[in-house]
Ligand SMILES: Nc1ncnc2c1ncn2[C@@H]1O[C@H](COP(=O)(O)OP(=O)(O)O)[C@@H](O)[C@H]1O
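Shown below, as structure tokens, is a lone chain in the form predicted alone; questions about how it binds or moves come after it.
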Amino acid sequence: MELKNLIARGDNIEVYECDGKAVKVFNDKKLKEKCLYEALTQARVETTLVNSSLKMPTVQEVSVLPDGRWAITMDLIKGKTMDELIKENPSKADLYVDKLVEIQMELHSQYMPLLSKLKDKLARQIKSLGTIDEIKKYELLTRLDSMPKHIKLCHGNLAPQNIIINDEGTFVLDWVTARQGNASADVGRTYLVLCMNYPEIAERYLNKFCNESGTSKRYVQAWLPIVAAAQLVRNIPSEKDFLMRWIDVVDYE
């Protein structure tokens, strides 16, 4: 396997195009567990989505490179992301917001009892934070514990850049954060991403989801401090001030 054509880079990973496939390489050989966990998670989601109108890259192989690094080989999905389409056609942004909600509701209609629990992940992330005091952690963890437990498929990072639309259909990418959990927590995460990157469509997205799903907007907003605090573990300087403003546990009107 010759890795020359780098097409994406992220935290601890690089993605290459190789022989018509996408090869996700974990940059440290110690990341074996992360690689295997991601492959298992994606395989379980694949099985669930087999009868859905939505598509996703199929895992083809998990391998060890000659230098000891681990890699996942999967389908290479070509086409424009929803992010690119919004930027190219700003007048159609509302239509893409509606499509985003449609995609997310389709995902939430799937039940995933074999995936790890989203509430457990959020609790671990909040407990690990050094940027907020223990009183604030207690408030957040208490609210998290009181939230209903669901086993719906939650993508965990559903955003326009992780959706590709081409002649074959709609593909959802980047399943590393997928968990079973409460749909409104997943929506809260998407809403915060939109507030940071697409502020002009964030409120329409939230209102559309709540109207279409029959979910109280106030209920989704109750998840925002929890989700914002959990995202602080990524330690991205450009996001810190924004997320810190959201972590106060308050009741919305």
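Start at 1 and count along the sequence shown; that's the residue number. What you see is a predicted model; the values in this text were computed from it and never measured.
The discussion below concerns the form predicted together with this ligand, not included here.
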>> Partner absent here, but in the model of the complex, which of 91 to 99, 122 to 130, 156 to 164, 141 to 149 has residues with a heavy atom within 4.5 Å of this ligand?
In response: 156 to 164
> Does at least one non-hydrogen atom of residue 76 fall within 4.5 angstroms of this ligand in the model of the complex?
Replying inline: yes
>> Can you tell me whether residue 81 touches this ligand? I mean in the model of the complex, with a 4.5 angstroms heavy atom cut-off.
In response: yes
> With the partner left out of view, is residue 18 within 4.5 angstroms of this ligand in the model of the complex by any non-hydrogen atom?
Replying inline: no
> With the partner left out of view, is residue 11 within 4.5 angstroms of this ligand in the model of the complex by any non-hydrogen atom?
Replying inline: yes
>> Give me the residue from 173, 86, 183, 71 that has a heavy atom within 4.5 Å of this ligand in the model of the complex.
In response: 173
